[in-house]
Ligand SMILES: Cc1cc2nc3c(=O)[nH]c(=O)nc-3n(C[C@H](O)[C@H](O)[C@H](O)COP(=O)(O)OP(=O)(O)OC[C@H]3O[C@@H](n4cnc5c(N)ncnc54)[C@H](O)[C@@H]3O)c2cc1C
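What follows is a single chain, given as structure tokens, in the form predicted alone.
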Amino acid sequence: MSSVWSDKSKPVKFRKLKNDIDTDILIIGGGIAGILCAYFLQQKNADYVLVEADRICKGITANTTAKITYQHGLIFDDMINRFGKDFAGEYIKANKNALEQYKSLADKIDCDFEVKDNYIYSVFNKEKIYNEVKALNSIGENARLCKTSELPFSADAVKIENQAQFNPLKLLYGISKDLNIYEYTKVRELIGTKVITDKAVINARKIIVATHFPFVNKHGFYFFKMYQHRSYVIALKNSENLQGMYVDENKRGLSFRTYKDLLLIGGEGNKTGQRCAGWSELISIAEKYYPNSEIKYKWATQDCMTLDDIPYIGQYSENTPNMFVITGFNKWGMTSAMAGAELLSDLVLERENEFENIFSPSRSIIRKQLFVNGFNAVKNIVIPGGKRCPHMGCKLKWNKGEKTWDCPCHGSRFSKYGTLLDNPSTGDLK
């Protein structure tokens, strides 16, 4: 099972770290966030190293739907009510800047970049759509209320023009060729900013943790502040060629975009570790709406969901001045990773950045979801019997569709043989 991005991109290879090294900045994690951090640090002539436990871009980054938009679901009406218009305006500004960075990079690297209009739709709740349009326009955005004329069903939508889509692996492989990266270099232990790997020791001045879900449990409490949400994608040939990008405001709803001659349909998501229909439901949808189509690819991904729909990007915790984190993209990893990488490349170099407070991991955690996360974790820890996740001891659930063991607490996943597939666990099942 591989995504169309993996199939249509030529990976680059890097050597394994075998000797002890010193560096000012160590980046742990070779997905989109880590690579973009390395890219900006190199642009700023910083001394850095990136280490990846496997191959770069092999994890979540390879399985996105790759929409580049600052329209992150129906979040802005709620964001304005909670934090005010100035906060919402700064959040959009950070993600707009990210979109412009992608446009600039796409001028240099062929990554199938296309400017597209973006639509967030709702089949049943026009009022939520109307409120979101009103909220966006109140902070200076040109949002429009419209109908989804291209989809095989009718829905109300918020439309924002001139967003984009691309092949993320083509871009990341293109910019990573000249970066200081080591693959197959797994971090086994952190002692302050001293990092122990299988074959070497890295003495760093500062560390950026870019491992999708942060793996250092004793700081930051990310295992309480986030959960993971799994979703599925199929790519169809002989179907519609959409001019826009579409996503349902409902977390279990459908996402649509095209890539060359393929229609990508995503959705049918669920909290990792819960039962779901997975690809079977998407296949039924394809048979219903696109009966002459053929499935060419199918893949799955998962996203870290925060307490307030805003990523955690900045100092890892108040007690770790030399450790930083970038995580919690809430399904919008393209612009969030770019905005976050720009922010962190400034913070680790002790430069000011106007968006530091927007994404601060130390902001208030008093949200309803915090108590839901805590209850769910305790429940799955105290249940007797069964296979246990090495991360924090939660009882694993068998995923029949993907034939994996999934953690319902924090989203770690393992093959049927016990091999680690997704973090925050750092080891295989015993």
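Just so we're clear, the structure is a prediction, and the values are computed from it rather than from any experiment. Sequential numbering from 1, following the sequence displayed.
Quick note: we don't show the form predicted in complex with the ligand, though the next part is all about it.
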Please check if residue 313 has a heavy atom lying within 4.5 Å of any heavy atom of the ligand in the model of the complex.
no
Flag residue 391 as yes or no: does it have a non-hydrogen atom within 4.5 angstroms of any non-hydrogen atom of the ligand in the model of the complex?
no
Going by a heavy atom distance of 4.5 Å, is residue 223 a contact of the ligand in the model of the complex?
no
Taking heavy atoms only, is residue 210 within 4.5 angstroms of the ligand in the model of the complex?
yes
Scan 239, 167, 185, 345 and let me know which has any heavy atom within 4.5 Å of the ligand in the model of the complex.
185
206, 159, 116, 331: which sits within 4.5 Å of the ligand in the model of the complex by any heavy atom?
331
Of the candidate stretches 211-219, 140-148, 314-322, 290-298, the one with residues having heavy atoms within 4.5 Å of the ligand in the model of the complex is 211-219
Which residues from 295-325 come close to the ligand in the model of the complex, meaning a heavy atom within 4.5 Å?
301, 302, 303
